[in-house]
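One chain comes next, on its own, written as structure tokens: the form predicted alone.
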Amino acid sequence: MSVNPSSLLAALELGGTKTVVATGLPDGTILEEFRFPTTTPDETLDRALAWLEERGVPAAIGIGAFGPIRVNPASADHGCLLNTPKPGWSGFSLIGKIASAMPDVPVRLDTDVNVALWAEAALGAAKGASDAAYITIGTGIGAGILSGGNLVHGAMHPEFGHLKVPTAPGDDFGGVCPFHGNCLEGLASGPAILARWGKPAAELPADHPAWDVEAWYLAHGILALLAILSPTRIIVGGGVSQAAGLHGKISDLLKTVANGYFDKEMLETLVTPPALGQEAGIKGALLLAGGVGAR
């Protein structure tokens, strides 16, 4: 494919476990992509920037980052990680780091879940929806929210993973969140699964009891989203969500806990996996780089 250098964009998806950096086009088309583990802030960003510099200076960079992070461009600490449990990242300035390497390149920033949702709304499972959510389950749990066609930011950005949910019957696990213990993230994230069962999610078979527990907590979290936001589509993504049969378990339990209040036909299609798979975040960051979905 012949590409005008002036239209070449860069994207960075910064997750708690892995980082993705890519070059591409304003429509979300990925030209090249590089995935590697997220380590320390400087090591991670230096590796991403070195890869980009080998490919030339992009017209703009879009970033989807784990949080909490300051996404409001009017804030003095725009682009800084806030009080995150990930060691070494609190206070780190993504914007500052990139600006020091590429001072003339515009940088556009949002959360990793917001950019993934924007990609799914533009190109995937939420296409045509004006009210939708994207939940990611991995190192943490987060949600991007689309309301009335606009991404929700608010005072900071949505922190769905720190929602308090009812304890599953017989569950005495205290949770792993260093701030809230048994919030949704503390009970159902990847680290919670490892701490609870002694194995990572990828090593648990489909018939393991872990998935019934996981579905319980996610269904109750989704019920709260449904009651507050009334979305027409809730996409459940992230590494943990790839477990066979998990989406069906969540949907079935959601119907039970909804207890007949919400329309049954709507609940049948409400929860879905991402149509863009593991590319939703990086495609969304490319769209953001091109000025689509910016704050």
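The numbering used is simple: start at 1 and walk along the sequence shown. Only a predicted model underlies this, so the values are computations on that prediction, with no experimental measurement involved.
Not on display, but discussed next: the form predicted together with a small molecule.
Partner-proximal stretch of 160-168, 74-82, 120-128, 194-202 relative to the small molecule in the predicted complex, 4.5 angstroms, heavy atom: Of the stretches listed, the one contacting the partner is 194-202.
Residue 16: touches the small molecule in the predicted complex, heavy atom cutoff 4.5 angstroms: Result yes; residue 16 sits at the interface with the small molecule in the predicted complex.
Distance check, residue 190 to the small molecule in the predicted complex, heavy atom within 4.5 Å: Residue-level check for residue 190: yes, a contact with the small molecule.
Contact flag, residue 69 vs the small molecule in the predicted complex, heavy atom cut 4.5 Å: Residue 69 lies outside the contact set for the small molecule.
Residue 226, heavy atom within 4.5 angstroms of the small molecule in the predicted complex: Although the small molecule is absent here, residue 226 would stay clear of it in the predicted complex, with no heavy atoms inside 4.5 Å.
Residue (of 240, 48, 234, 61) lying close to the small molecule in the predicted complex, criterion heavy atoms within 4.5 Å: None of the other options qualify; the answer is 240.
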